[in-house]
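Here we start with a single chain on its own, the form predicted alone, put down as C-alpha cells.
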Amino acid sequence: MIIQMAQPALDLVIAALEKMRETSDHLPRASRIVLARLQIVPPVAVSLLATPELREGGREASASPTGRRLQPASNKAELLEPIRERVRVCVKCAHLACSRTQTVFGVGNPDADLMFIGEAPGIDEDKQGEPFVGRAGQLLTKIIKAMNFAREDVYIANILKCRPDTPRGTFGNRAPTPTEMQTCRPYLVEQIEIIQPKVLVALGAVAVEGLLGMRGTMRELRGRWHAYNGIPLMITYHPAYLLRNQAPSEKRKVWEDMLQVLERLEQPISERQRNYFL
C-alpha cells in the first residue's frame, strides 16, 4: 500500500527528468552521494518520511536544529562503503599506488559530532590501514580521552589516503604535494558530506591547505574559528609537532583549542579539564 502511494511521486520525477532531457542541451545529473542514497534507502522508507507520525511540529524528525539533513548512523556507514572501495583501488596517483602497502580511508563513528582531519598516513598507518596509530596517533588518542571522548566516538581521516612515497633508504615521512592533495581531496569531501559533523578539527598547516586551499603559519591560523561549507572548523597543531616541541606552552595552546571545541559542542567542562596540560 505504501509503495503504491509513492508511485505517483516517482512518476512525476521521471516525467520531469524526461522533459528536461527533451528541452535542455544538458542532461540531468546527480552526485555520487545522491545516487548512493537512492540505492540504499528503500522506497518504503522514503514514503514513510512523509507520514504525519514521523513529523514533529511540521518538520521532519530527521532534520537537525540547523536545518541540515541528518542520516541515521547505519545509513552513513553504508554510504561510506562505496567510497572506501573506490579509495582501496584508486590509482590516480600512480607513484603512491605503487609504493603503498594499503590505503588508509578513515576510522571512527560515522555519526560523530566531531571529526579530526590530518594530512597523510605515515609508515605505521600504511602498515595497519588506520589513521593516527603511530606516536602522533597515540598523542591524539590521549587528547581525545582528555576531552572525555573515546576514539570510537569521533571520526578520524586524512587529506591523503596513501602514504607519500619516500626515496629508498630514507627514513621518516614527507608532506603531500599540492597536486597529490588536490587529487585525493574529493574523497574527503564525500566523507564530510556523509558524516556531517558539528565540528571539524584540522591538524596542522598541511591539513588546512588540503581542506581549504589556503596557506598560512599556524601562529596565524590556530586558536580561532574558521568554517568549511558552513561547518565550524578549529585549526590546531598536528600532534607530531608536539612530539618535536615539548614546550608546555605549545601543548597548552592545543588544549586551549580543544576547550573551544568542547564549548562549541556544548559539552560540560570540568575544572580539572580547564587546568589540564597535555
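Quick note: we count residues from 1 along the sequence shown, nothing fancier. Just so it is clear, the structure is predicted and the values come from calculations on it, not from any experiment.
The protein also exists as the form predicted together with ligand URA; that form is not presented, and the subsequent description refers to it.
With ligand URA left out of view, the stretch that reaches within 4.5 Å of it through heavy atoms in the predicted bound form is, among 126-134, 142-150, 105-113, 88-96, 126-134. Although the partner is absent here, P197 lies well away from ligand URA in the predicted bound form, with no heavy atom inside 4.5 Å. Ligand URA is not shown here, but in the predicted bound form it comes within 4.5 Å of a heavy atom of H238. Taking the partner from elsewhere, G122 is found to have a heavy atom lying within 4.5 Å of ligand URA in the predicted bound form.
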